[in-house]
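The chain below stands alone and is given in structure tokens; this is the form predicted on its own.
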Amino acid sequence: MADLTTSYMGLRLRNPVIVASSGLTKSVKGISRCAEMGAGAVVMKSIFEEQYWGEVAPSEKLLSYYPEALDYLRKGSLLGYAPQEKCSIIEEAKRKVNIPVIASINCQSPELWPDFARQFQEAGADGLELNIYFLPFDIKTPGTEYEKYHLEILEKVKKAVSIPVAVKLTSQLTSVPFLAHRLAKSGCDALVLFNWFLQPDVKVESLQTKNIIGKGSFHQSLRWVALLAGRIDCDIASSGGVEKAEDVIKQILVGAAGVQVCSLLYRKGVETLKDLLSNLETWMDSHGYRSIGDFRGELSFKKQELVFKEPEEAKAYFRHQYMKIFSGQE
């Protein structure tokens, strides 16, 4: 029988299927259910700094008289205690499940990233996922400034904790490989590709804008996992668009150390995890693979490069495929 155990960000997982940060993992009950159905690990629902402003911020009138109160809060004097509820969930979950529980953080204030991270580590979290997101819309800010922002957050968190740290990236970057390489060099234990936040839409009748829940693009994450696997010194997890076991297999084949699943479980139930794992096992047995390591990364760009006689052929391959498709060639 196939052995599904694997390693992700230095953690031992019983299989590579991870329940992504979502409402499915916001409670001890939810985490326990995911573990019961076979998840290799869970990423807790993200803690967002902004969600606590209503609980700890003073009234607008008070802020108008004492604007320094806002600075006081942003420095973490009160917001620093915001993770207490999440910490309680981690502590209880770790007593009930035997799979890694990874905490997820999304902050705006630079000081709070390491503060929250430290508290989650003390509560017993096995790892951290830094849910970094901002839209690069400023026409005067170069891409290097956004990259620097990611690196600064990672470095502060790595100094504050000893547990492994992953960074969840958005695809809206100038160069995913360049930033991925720099993050890995700065001590990132894993990258998660990608972050799927709210997407804009328009109400044409009322002439208003609105937000809709973003949908993960399976093939977009597949592309970048394939391009980065084995080329940077950290693990890579895919996130977005997994619909069946075949998708899990594809992501592992191109190099994913972990495959995050979410929307499928919302639609079909957490028990779908059992089907994913059973079908993964069946496929491995039918192909003679005894372990995940036997086929992980076999179709990554790094491995594919080896079939070319000259280094430049690998680069030319991408344009060649592009030309074949758009010129109507088979």
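For every residue, the number given is its place in the sequence shown, counted from 1. These figures come from a predicted structure and were not determined experimentally.
Beyond the structure shown, there is the form predicted together with a small molecule, which is absent from this document and is the topic of what follows.
- Heavy atoms within 4.5 Å of the small molecule in the predicted bound form are found in one stretch of 269-277, 296-304, 283-291, 38-46, which is 38-46.
- Using a 4.5 angstroms heavy atom cutoff to the small molecule in the predicted bound form, all of G23, S239 and V261 count as contacting.
- Using a 4.5 angstroms limit between non-hydrogen atoms, N195 touches the small molecule in the predicted bound form.
- By the criterion of a heavy atom within 4.5 Å, P164 is excluded from the residues contacting the small molecule in the predicted bound form.
- The shortest heavy atom separation between Q119 and the small molecule in the predicted bound form exceeds 4.5 Å.
- Using a 4.5 angstroms threshold between heavy atoms, G216 counts as touching the small molecule in the predicted bound form.
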